[in-house]
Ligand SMILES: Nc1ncnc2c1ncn2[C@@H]1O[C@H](COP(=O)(O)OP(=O)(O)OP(=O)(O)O)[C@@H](O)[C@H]1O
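Take a look at this single chain in structure tokens; it is the form predicted alone.
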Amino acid sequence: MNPILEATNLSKTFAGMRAVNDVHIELYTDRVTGIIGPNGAGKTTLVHLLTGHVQPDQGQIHFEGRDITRLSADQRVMGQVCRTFQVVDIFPRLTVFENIQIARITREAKNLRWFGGAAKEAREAVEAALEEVGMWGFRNRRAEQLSHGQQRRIDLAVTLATDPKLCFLDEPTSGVSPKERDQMLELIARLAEAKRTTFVLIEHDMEVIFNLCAHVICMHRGAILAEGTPDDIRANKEIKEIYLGEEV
């Protein structure tokens, strides 16, 4: 099986410090992948590079066989590569429906016309995204009225409305209650099982990683230290010493 995304010799330096150092990474459609590592390991910079928010100093990125190395983040979203952020990125004073509608209309490169043809064309996709994340009943509420866990679901629905084939989720359970965390994990697992979208999680919570991911990549000092199944990562003595400790 060919990878959906492959990056080779990827490097990025900031102010003389190598944040990502000659990384080779392959992502596959048949599994949820987790990226872990201590603070400063290069996880966020790597995801910025893969999603077009930062341009690499060297290396190449191929998505479904196409070179996307120099495409912008917006161009990659149009090409069905996207991400969520640690901080929920929604419009608090707009309704849940309107938040997702904006994402869909933008994905279709249409004008933001609330009552025009673009809005009508987007409605079906918006409704499907709301159903997928279990938030249809909240569609007319303003986003600021929802709990943090519900806002994270809406953030995910905004992403799903752009029809991503590959989606990076940056700490999707951060700041939510234990109940909401379990609900989010169930949601991601169900969406991954449907094989509509390939998910990559960037997480500090090892329970989330080990319960949800079939493949785990551990970064350290800008490079990939090790990768493999959750059992492989648990058994890796170097990872235990550098990062995981008793959590494994």
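Start at 1 and count along the sequence shown; that's the residue number. Since this is a predicted model, take the numbers as computed values, not measurements.
One more form of this protein exists, namely the form predicted together with this ligand; it is left out here, but the text below deals with it.
When this ligand is considered in the model of the complex, E171 lines it closely, a heavy atom lying within 4.5 Å. Residue contact check for N39: one or more of its heavy atoms lie within 4.5 Å of this ligand in the model of the complex. When contacts are judged by a 4.5 Å heavy atom cut-off, Q145 does not count as touching this ligand in the model of the complex. With a 4.5 Å cutoff on heavy atoms, V23 does not count as touching this ligand in the model of the complex; it lies far away.
Figure note: of the listed segments 24 to 32, 176 to 184, 66 to 74, 42 to 50, the one touching this ligand in the model of the complex, with heavy atoms no more than 4.5 Å away, is 42 to 50.
Though this ligand is absent from this view, in the model of the complex it lies within 4.5 Å of a heavy atom of just one residue from A19, I224, L10, I239, which is A19. Against this ligand in the model of the complex, the set R83, F138 and T197 makes no contact: no member has a heavy atom within 4.5 Å. Looking at 178 to 215, the one residue that comes within 4.5 Å of this ligand in the model of the complex, counting any heavy atom, is H204.
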